Each structure stands twice: as C-alpha cells, then as structure tokens.
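In the block that follows, a single chain appears as structure tokens, in the form predicted alone.
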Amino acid sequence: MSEGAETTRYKTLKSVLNVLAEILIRNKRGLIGLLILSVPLAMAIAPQLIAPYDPWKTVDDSFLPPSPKHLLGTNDVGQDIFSELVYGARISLFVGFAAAISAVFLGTLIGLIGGYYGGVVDEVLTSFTDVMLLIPVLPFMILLAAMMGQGYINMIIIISIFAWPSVARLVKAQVMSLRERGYVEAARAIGVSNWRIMMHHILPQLLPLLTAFVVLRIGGAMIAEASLSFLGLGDPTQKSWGTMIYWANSSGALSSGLWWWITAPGIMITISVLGFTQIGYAIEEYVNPRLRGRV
C-alpha cells in the first residue's frame, strides 16, 4: 500500500471521528444518548470498580431481598444480583457491537458490489437479499442457534446473518447514485480499477451513513441476544443481561415475588437501546439535514 493511500485513509478516519465527536457534543439527541449510555458503558469498561462482589461466587444466602449489603438481593445460588448486572454489561454490549458491525460489513459489501456493477451481478445479489428479507427471522434464528450450539460467538454470527439485508438495500441505493458522480467517472477514465474506485472513492462517502447503521443496529442485536438467551440458547458460562433473565425465569423469580431480578436487566437493556437509538438518530440528522427540522 502506498504512503498516499495510507494518508488518505487516515484523514478519512480522522474526519469521521471528528464528525462523530461533533454530533455527540452539539446535537441534543446525541448528547442525551451519550449520557444515557454512560452507565452501561462504565459497567462494561470497568466492572471490577463498580461491582461489590465477584458475580460467579456465592456470597450469601439465596433469594435475599434488596438491602444496603446487596442492592438487588441475591439469586437462587446466593450470588449478588447487582454484581451480575454490572458484569453482564460487557457481554451484552460486546454482542451488540460485534453483531452490528458484522451485519453492516456484510450489507455494505453486498450493496457496494451490486450497486456499482449493476446488471446480472446486481440481479443475483438483489434476489438473494430479497429472499433473506422474506425469511421469518426469529424462528430461523432459534433453529440456527439450536444447530450451532450455545456460545456468544455463535450468537453474533446468527444475528449478523439476519441483520444485513436491509443495510445492503440502502447501501446499494447510495452507491448507484455515487457511481455516476464526476470524480468517479474521471477515475474510471484514467484506468483506475473498479475495486480501488469502490474502496477509495465511493466507500469513504458512505462512512457517516454506515456509522449510523451500526449504532442503530446495536440495540436490535442486544434485544436479539436477550431473546435467544431467554429461550435458553445463550451462553450459560457467561454473565449477560439475557442470561440473567433466563436464570431468573428458570428459578421462578416472578412466582416467588423476586421481580427485581428480572426487572433490573430488562431496564438496562431498555436504557442501552434508547441511548444507541438517540445517537443513531443524531448521526442520521447530520447525514440527512432535512431531518433536523423535525426534531
């Protein structure tokens, strides 16, 4: 790779980061979303500084109610629920980020190729995308999860498989517009390869939109993880908000009146989804100025 190409990529990345920082600070929705996410992000980054106990160790009697010693009580094996909640943020957010990034990567690749080349290539990729959009997602996710086995890596793969089609359609529409621009035609006229045009002339123009796609899909991926975990298809060896709800339900938390055991992770999932949604909308407002007047 040439030094000029590296410099161009560095400048593009720096520009995107500067724009993202500006959106989060100056946009009302972006700032609210960032403030909302400060709690779950702090839990994920430094759980050992927030959690009072090791979430995998029995620290007291089982089914204790909330108290100053145990803010959310203890579970069926005497583990501190608040500590579980804090450490659970790491896996839940990791699955959300990884699945969203993977889905946007797949959707961008397919949309970029189909939108740029058109013709038979576009028809084949569009037909495949349409088929994926028609598939009932939840039943097939459950089926794949049962076939692939438990584990959060498998869960990331499964969520990614069903989350990319809508991204591909939107990316394709943008690429079809960008491929007709003058600078693309000029690059093509001087013999620049198609792959280089896509990577260096078209893809950088999509980065703000792709960032919005990633942020907006993190919340959906987290909900998908919680849904699969609630059905017993999550990773039982890891602490996540989804597995907390699963174990609470399996242990009869609601019938025993231990509503806080299920409510706490549910609230954290809701808060995280709300925060990512607000930031995603703020980025969309930047990408599409027509949306700013609707806020």
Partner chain sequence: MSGILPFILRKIVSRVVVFFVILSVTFVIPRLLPGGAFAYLVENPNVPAELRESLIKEFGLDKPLWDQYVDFLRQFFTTGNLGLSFSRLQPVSKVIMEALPWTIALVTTSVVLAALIGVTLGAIAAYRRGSKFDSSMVSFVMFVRSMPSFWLGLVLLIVFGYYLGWAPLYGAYTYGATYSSTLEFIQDVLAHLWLPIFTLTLLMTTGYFMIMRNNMINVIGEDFIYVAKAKGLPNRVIVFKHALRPASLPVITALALDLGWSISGALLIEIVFSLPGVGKLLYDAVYMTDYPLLLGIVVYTSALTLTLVTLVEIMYAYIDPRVRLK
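Positions refer to the first chain, counted from 1. Bear in mind that the values here come from a model prediction, so they are computed numbers and not experimental data.
What follows is about the form predicted in complex with its partner chain, which we do not show.
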Might residue 117 be said to contact its partner chain in the model of the complex, defining contact as any heavy atom within 4.5 Å? no
Counting only non-hydrogen atoms and a 4.5 angstroms cut-off, does residue 27 reach its partner chain in the model of the complex? no
I'd like to know whether residue 68 contacts its partner chain in the model of the complex, with contact meaning heavy atoms within 4.5 angstroms. no
Should residue 255 be classed as touching its partner chain in the model of the complex when contacts are defined as heavy atoms within 4.5 Å? yes
Could you work out which of 77, 137, 157, 121 is the residue within 4.5 angstroms of its partner chain in the model of the complex, going by heavy atoms? 137
Non-hydrogen atom within 4.5 Å of its partner chain in the model of the complex for each of 168, 174 and 183: no
Counting only non-hydrogen atoms, which stretch in 206 to 214, 126 to 134, 185 to 193, 98 to 106 is within 4.5 Å of its partner chain in the model of the complex? 126 to 134
Within 249 to 282, the residues having any heavy atom within 4.5 Å of its partner chain in the model of the complex are 249, 254, 255, 256, 257, 259, 262, 263, 266, 267, 269, 270, 273, 274, 278, 281
